[in-house]
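This document opens with one chain alone, in structure tokens, the form predicted alone.
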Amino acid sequence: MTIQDTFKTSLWMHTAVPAPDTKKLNINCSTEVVIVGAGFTGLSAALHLSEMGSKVTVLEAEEIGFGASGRNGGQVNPGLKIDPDVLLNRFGAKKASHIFSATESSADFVFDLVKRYNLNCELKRTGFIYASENKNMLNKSRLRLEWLKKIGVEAKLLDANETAERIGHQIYSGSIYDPRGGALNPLSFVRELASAALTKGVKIYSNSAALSLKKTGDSWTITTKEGTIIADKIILCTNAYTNLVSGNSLWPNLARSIIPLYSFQVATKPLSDNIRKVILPGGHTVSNTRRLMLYYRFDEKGRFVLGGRGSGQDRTDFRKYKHLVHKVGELFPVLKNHEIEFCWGGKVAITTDAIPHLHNPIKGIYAGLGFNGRGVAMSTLLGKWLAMAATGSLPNEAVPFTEINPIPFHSFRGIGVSLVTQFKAIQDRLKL
């Protein structure tokens, strides 16, 4: 079984709300905007475009949420993973401040959207713990906390004992507790976004891979196996699955501008109330500051869900999940022999600068991708930014448009990811 096949056997597939009814594109038609990709980004863009009065069609190569949107850990964590001083050095004080404030609003944006459309996706505001295993990383977290306080966020620094009380083990030197974070069922969320978009008049075609994109006069033509669509504008929202169909992205170099990295997840059978009194008793979501990140939480039924690194290549062997199964027992010895009910994986898109990328390479073409493991909240917000860009202009607080720059030696990314992963593991062990 391949990692892509695990979409069907994941925890979320067994617990999500039903998908709305969609069909293949088997006609020739026209619209104002075609969005390629029915994940968080594409469906958020479609929903917001429809609110602005645009006529929108979404093409999905597989089924709604087939990519990272239907496979991720479901943590609704605000902001970017990079340190605020990286934004400062990259964009200068004023622009960095705008981007930081906007991206830190991403979790609130999801909560507001879910409330506005009454989306059924098990969303809860549980609070988010960003935990540091050494003092060097904790010091960087202090800098983030200073920036958060400047924009009025009531986050706070927890010492080692406070962190242990909230998580249930003693391995962390401290953490930031951010009350804005939460969790949801990601496959339910993406399916509900699709349902909301359909009620607004958006057309969604599943199992309709976009095979080619070409300019035809002042418009663009997208061709699928059984139909074509002519549109004024195209928004590409395929993220780590950009080259899923043909091995090449619809737009030159887009697939080569990110690194598709596999992330694996495991989930236990539901735990007893007694065990849950000592493991994440407050129901918080947790992510650590290690370069090779671990993240964990409980689902709606009390399953302990843990995710972490995969590899740079597709794997067919479920023994590749052993490091995560071992980590469950290492973090919480009481779970050492607790049965693992689900194992699954999928691709996330990593950018070389750890910032999501927005592109507008030519009039009428837009793209957004590269969420670096913070996709639930950030990609939903970025979908709105793409909608705004396609109907007028990119908002001032958004990350700016950049050129599509292919990563050198991208064809050797599997080897490169393996080497980088080993190097980052050494850095984590040395507490650098």
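We number the residues from 1 along the sequence you see. What you are looking at is a predicted structure, and each value in this text was computed from that prediction instead of being measured.
From this point on, the text means the form predicted in complex with a small molecule, which you will not see here.
The partner is absent here; in the model of the complex, the one residue of S132, Q265, S257, T163 having a heavy atom within 4.5 Å of the small molecule is Q265. The partner is absent here; in the model of the complex, the one residue of I167, L187, A210, A194 having a heavy atom within 4.5 Å of the small molecule is A210. Within 4.5 Å of any heavy atom of the small molecule in the model of the complex lies no heavy atom of I229. When the small molecule is considered in the model of the complex, Y295 lines it closely, a heavy atom lying within 4.5 Å. Taking non-hydrogen atoms only, P84 never approaches the small molecule to within 4.5 angstroms in the model of the complex. Using a 4.5 angstroms threshold between heavy atoms, H48 stays clear of the small molecule in the model of the complex. Only one of 171-179, 319-327, 94-102, 343-351 lies within 4.5 Å of the small molecule in the model of the complex by heavy atoms, and it is 343-351.
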